[in-house]
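One chain is shown next in structure tokens, namely the form predicted alone.
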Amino acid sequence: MSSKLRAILLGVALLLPSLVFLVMFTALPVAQTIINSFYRRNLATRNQPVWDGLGNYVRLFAADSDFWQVLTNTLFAIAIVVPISVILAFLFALLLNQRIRGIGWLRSSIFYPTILPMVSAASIWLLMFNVDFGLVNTFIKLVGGKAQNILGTTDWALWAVSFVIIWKLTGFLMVFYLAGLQGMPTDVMEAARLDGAGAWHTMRYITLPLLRGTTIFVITVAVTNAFQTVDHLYVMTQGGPNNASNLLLFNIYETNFRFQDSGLAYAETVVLLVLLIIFTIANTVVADQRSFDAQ
């Protein structure tokens, strides 16, 4: 057996365990979900699934369907959550990378929301937003404002939900930026300082380019987490009022387990997968283009 063939077989043997798990827990469930989305089925009955072709998708995208509002809410929440959480994570990482007194306490304070279970975090903010005794409305009253039913108002519910996601996510993203900052080559930063580069120019022309790979990864994590919103929606708003805060994954949960319409839930899941694939491809293309431009 030639050395080249041995190397190929070794590579296949090393990849085989991961490939088995990938097929079993990713490829097969995705394929099964796509197939099931073409069947009409109701979990409340014992009737066998009936082939419906694109019927579930027609119902999903019908003009009178609530799905359009759910999809709009989801994209809007992502547009709020991702840039704000990424920017805050980067700024916090810059702050926590400094040698200042009390930095350990500050790091723990910013990271603490990350380790809280989502249900606990949602319960905390459910009390914070309470109309009668919540700290948010107490502060509004102190500055001369009028108490607001934030979670019960269509204009504010989605903003409140997005805020909680940002509060929970920022500390987690900060860890990656902090690791990236601490892994930067010190000789490059020292050379910049010797050349007289200020803090702004150093960050713009050295720090941010060196953290490009970290930023792409952080954005991917932020988008994925923004799509995975179920627990705190269930606790805080139940998707209301009037679907104002309903997001895609929570709507899939409700469609399947509350309304027992499994076929429609599968179709919504396929839409979610398509959105994630589109984002992944776009993110990869942008990353490759920026790498090419940098060269």
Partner chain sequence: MKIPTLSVKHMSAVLLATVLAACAQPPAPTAAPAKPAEPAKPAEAAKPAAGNVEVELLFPVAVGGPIAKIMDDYMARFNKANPGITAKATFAGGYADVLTKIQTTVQGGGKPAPVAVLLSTDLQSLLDADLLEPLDGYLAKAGDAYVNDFFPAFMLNSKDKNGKVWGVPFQRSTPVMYYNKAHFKEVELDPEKPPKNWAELLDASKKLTKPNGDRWGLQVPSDGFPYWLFQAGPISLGKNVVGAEPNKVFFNTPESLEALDFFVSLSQKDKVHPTGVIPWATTPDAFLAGKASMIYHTTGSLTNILSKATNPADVGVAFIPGKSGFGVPTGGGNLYIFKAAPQEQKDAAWKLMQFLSSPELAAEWSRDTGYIASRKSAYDTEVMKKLVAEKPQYGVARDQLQYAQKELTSHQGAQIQQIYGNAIQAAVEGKKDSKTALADAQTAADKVLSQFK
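Keep in mind that what you see is a predicted model, and the values were worked out from it rather than measured. Numbering follows the first chain given and starts at 1.
Although not depicted, the form predicted together with the partner chain is the subject of the following passage.
**Student:** With a cut-off of 4.5 Å between heavy atoms, is residue 234 one of the residues that contacts the partner chain in the predicted complex?
**Tutor:** Yes, contact at 4.5 Å.
**Student:** My question is simply whether residue 203 lines the interface with the partner chain in the predicted complex - judged by any non-hydrogen atom within 4.5 Å.
**Tutor:** Because no heavy atom of residue 203 falls inside 4.5 Å of the partner chain in the predicted complex, the answer is no.
**Student:** I'd like to check something about residue 193: if you look in the predicted complex, is any of its heavy atoms closer than or equal to 4.5 Å to a heavy atom of the partner chain?
**Tutor:** Residue 193 lies outside the contact set for the partner chain.
**Student:** Does residue 51 reach the partner chain in the predicted complex if we count a contact as any heavy atom within 4.5 Å?
**Tutor:** Answer no; every heavy atom of residue 51 is more than 4.5 Å from the partner chain in the predicted complex.
**Student:** So which stretch, 148-156, 185-193, 71-79, 203-211, is the one near the partner chain in the predicted complex (non-hydrogen atoms, 4.5 Å)?
**Tutor:** Of the options, only 148-156 has residues within 4.5 Å of the partner.
**Student:** What residues in 26-56 sit within 4.5 Å of the partner chain in the predicted complex, counting heavy atoms only?
**Tutor:** The stretch 26-56, when checked against the partner chain in the predicted complex, contributes 40, 41, 42, 43, 44, 46, 47 at the 4.5 Å heavy-atom cut-off.
**Student:** Given a CA distance change of at least 3 Å, are residue 63 and residue 45 closer or farther in the predicted complex?
**Tutor:** Residue 63 and residue 45 sit closer together in the predicted complex.
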